[in-house]
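Okay, here we've got a single chain as structure tokens, the form predicted on its own, with questions on binding and movement later.
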Amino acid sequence: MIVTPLTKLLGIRIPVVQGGMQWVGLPKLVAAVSEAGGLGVLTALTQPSPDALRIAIRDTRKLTTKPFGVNITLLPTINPPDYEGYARAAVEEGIKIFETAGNNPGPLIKFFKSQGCIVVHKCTTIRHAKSAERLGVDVLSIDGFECAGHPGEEDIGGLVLLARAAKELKVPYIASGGIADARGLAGALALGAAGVNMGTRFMCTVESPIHHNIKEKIVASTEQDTVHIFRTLHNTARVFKNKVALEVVAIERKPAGAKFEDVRDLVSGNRGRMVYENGDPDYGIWSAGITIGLIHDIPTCAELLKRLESETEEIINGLHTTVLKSHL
């Protein structure tokens, strides 16, 4: 058994968090991760309204009695969602663990802490992590450049971020981005993390709601099959390298540059959602981390977490033996 400050704080067996993923963090997957010993996380903004989130929370509770959380990500948008409404609905439904991310999380964090909740906040820089620490978060999720979705604008990989976190942060932190197997988990623990956050790896499980064709596409791909879009718009996002993503990159590279309006139709959220429903990997933009180069099967969440747990223990024990031998 791997015991860390994260497992103790959250009441979970394995220090693995399923990151909040748009259109993916639905009750079946969330419950399966929690039942298997990790922390499943519902994605609030996948639901069309706070009332719909209430129903999703209740549906998840029908599938597991284990702890699970809710993710609320604040991102630049033309029509901001009712963040406060989602937050209140989740708290009123008895959720005690929240994953927050994005711009200006202060008011949300303050509200959650006033309600006695545990807050895990995702950051892409140590500077932002220290700011969140001052706001009173319980755990920091340190998101390296390897991650799917938004890695920030400073292009710093997880190895350096986690090593700095060990020296400079006071609260426990977990590694996010680039983790898909036991070596990643063992490495994160060696770097001082209390656990890991995995997104892309959980996309490619039996209980994941995305189309089987997309899961097979992940299995068939390598770490070279992602690309960054929105770089010139200073809102970088790592997505799967398909026809639509490459078209967006080409538009951004035009001599005159690009405005969001130039790519709006290409990057429509509805098109991205349809990828997961119709199974066409070229239909729209969809998130994927470079961990696709480490994913070679489609296990159940129970199989995946059991494997992570046992192989991580083997790796840690092997390192201990190596250290002892080196001193003989």
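Bear in mind the structure is a predicted one, so any value in this text is a computation, not a measurement. Residue numbers run from 1 along the displayed sequence. Just so we're on the same page, rigid core means the largest C-alpha set that superposes within 1.5 Å between forms.
Below, we turn to the form predicted together with a small molecule, even though it does not appear here.
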| query | Of the options Gln115, Thr125, Asn235, Ser131, which one has a non-hydrogen atom that comes within 4.5 Å of the small molecule in the model of the complex? | reply | Asn235
| query | So which of Val16, Leu308, Leu10, Met21 gets a non-hydrogen atom within 4.5 Å of the small molecule in the model of the complex? | reply | Met21
| Does any heavy atom of Ala256 come within 4.5 Å of a heavy atom of the small molecule in the model of the complex? | no
| Contact between Phe145 and the small molecule in the model of the complex at 4.5 Å, heavy atoms? | no
| field | the small molecule contact in the model of the complex: Gly94, any heavy atom under 4.5 Å | value | no
| task | Could you confirm whether Ser268 comes within 4.5 Å of the small molecule in the model of the complex, counting heavy atoms only? | result | yes
| in the model of the complex, which of 202-210, 243-251, 170-178, 76-84 comes within 4.5 Å of the small molecule (heavy atoms)? | 76-84
| query | 2 Å or more on the CA of Thr77 between this form and the one not shown, with the rigid core superposed, yes or no? | reply | yes
